[in-house]
Structure formats: structure tokens, C-alpha cells
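Just the one chain here, the form predicted alone, laid out as C-alpha cells.
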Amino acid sequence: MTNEQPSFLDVLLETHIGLERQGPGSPQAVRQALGFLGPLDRLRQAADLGCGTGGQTMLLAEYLPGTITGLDMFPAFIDVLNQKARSKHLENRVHGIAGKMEDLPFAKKSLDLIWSEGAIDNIGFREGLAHWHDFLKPGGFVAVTCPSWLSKERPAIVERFWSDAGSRLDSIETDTEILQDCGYRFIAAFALPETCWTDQYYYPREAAIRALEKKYPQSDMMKAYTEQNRYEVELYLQYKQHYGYVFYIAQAI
């Protein structure tokens, strides 16, 4: 217990740094997405953008034969990823760097695969895909998850929540058109199942939040953060038939 008054960023990082995932997803979804990429031995240079602490990055390393560079804006997350790589003796193939998805540090046309889970909507689906296209080799792949509408009904309360979070939701059809507009051949799209939200992310996050509530019992920021996160869960459980994360897989033309 402490009387500290942490910032929003403090509690965000403390909540997520010990989690396997920093957003919805699962090993099963990773393997399903990889299944659309054809022979994986040709994917020698990959980047995982918005990688967090690298849960999916380390899984990718089990299937991809070459090098994987994880990129995230939070150096603390990158430190965890690099420690994971060292602990598995994969530091010669898996490396994390701090950076921004909207200003990639890679050479143009150098990547066979760009992977990104739960992050592209922070800079915009179209904006991200257009910028990233330049860094893919001709025939290179993107595999990204993005929040999308799953039904024709679009509850205003859901739209407002994502708008307030600095994001937006489009239909799978619209996002597919955006992919094609940005110079990609659409391959596949599939929605993440509910367990990717609950078992893989919300439940572990809630356990971390409860520990932080005990650490910062006097913090108004902690109370507001807790309320915001629990509202997010309630909203998803009530409206999950209308929206969710969708994995989009496409190939650069």
C-alpha cells in the first residue's frame, strides 16, 4: 500500500507489463492467421508492430524461421520482450526496439511480414496500412487485428466508447475495401472469439487491477482507471454480438 498518486500512464503500464497479452487475442488465433500465409519458411524478415511485452512475438518465433523485430512505443514493454528472447536463447532472431508505428525505422521493401495485434487503430486502419505498404517486399504480407462491426446494427453507446478512445469501427466489408485501396490483395478475415477477450485478456487484466487497487488505495486516478476498465468489460459483454476484433490477412501487390 502506498499514498503515491500515480499517473494514468503509470497504472496503464503497471497493469499490463506482467500480462502475457496487452489486448484481446490468443495462441489459437495466431496459428489460424499464420495458416493463411502459405509456406512460412519464405518469411525471413518480420516485424511485430505494437508488440507489447511480446507474447505473440515469441509465439511467432516458433513458426517463422528468420528474424522478428518487435516495435512498441513503451520501452518498458520492450525490455520485457528482450528478456524473454534472452531467456529462450532467441536473441539472435528476436529483438525489440522502441519506436512508433506511424514512423517505421525499417528499410523500404525489406519486410516479408508485418504483424500487428490490437494496435493499428491507434493510428488509423487506412493510415497504418498505407504507411506500412512501403516497407513490405512485393508479395509481402500483413496480418493485423482491428476493432470492427460484426453486425449491421451499430449501437451508439459502442460507437461513442471507441470514438472517445481515439478509434473507430468500420464493417469488415469497408475494411476489406481499405486494404485493397492501400495496395493489398485481400486474403482472409475472421473475428476473434469471445475467449480472446475474456480468458486471454480481461480476466488477467482484472487480477492486475485488483492488485493495483490495494497498492494505490487513495488514488483518484486509480479509481477512475478501474471504473473505465470495468465499464469496457461490461460494454463488451453486453454488445459483443455487434463488434469485436477481426484478424485481417492480406498481401502487398
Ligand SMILES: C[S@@+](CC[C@H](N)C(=O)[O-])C[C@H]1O[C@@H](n2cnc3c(N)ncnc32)[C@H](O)[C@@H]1O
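Because the structure is predicted, anything quoted here is derived from the model rather than measured. Residue positions are given as counts along the sequence shown, with the first one as 1.
Separately, the form predicted together with this ligand exists; it is not shown, and the next lines address it.
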| request: Heavy atoms, 4.5 Å, this ligand in the predicted bound form: which of 69-77, 85-93, 146-154, 105-113 makes the cut? Say which one. | output: 69-77
| said: If we define contact as a non-hydrogen atom of the residue within 4.5 angstroms of the partner, is residue 23 a contact of this ligand in the predicted bound form? | reply: yes
| request: Tell me, yes or no, whether residue 179 is in contact with this ligand in the predicted bound form, where a contact means a heavy atom of each within 4.5 Å. | output: no
| Should residue 142 be classed as touching this ligand in the predicted bound form when contacts are defined as heavy atoms within 4.5 Å? | no
| request: Check whether residue 119 has any heavy atom within 4.5 Å of a heavy atom of this ligand in the predicted bound form, and answer yes or no. | output: yes
| What are the residues of 97-117, in order along the chain, with a heavy atom within 4.5 Å of this ligand in the predicted bound form? | 99, 100, 101, 102, 117
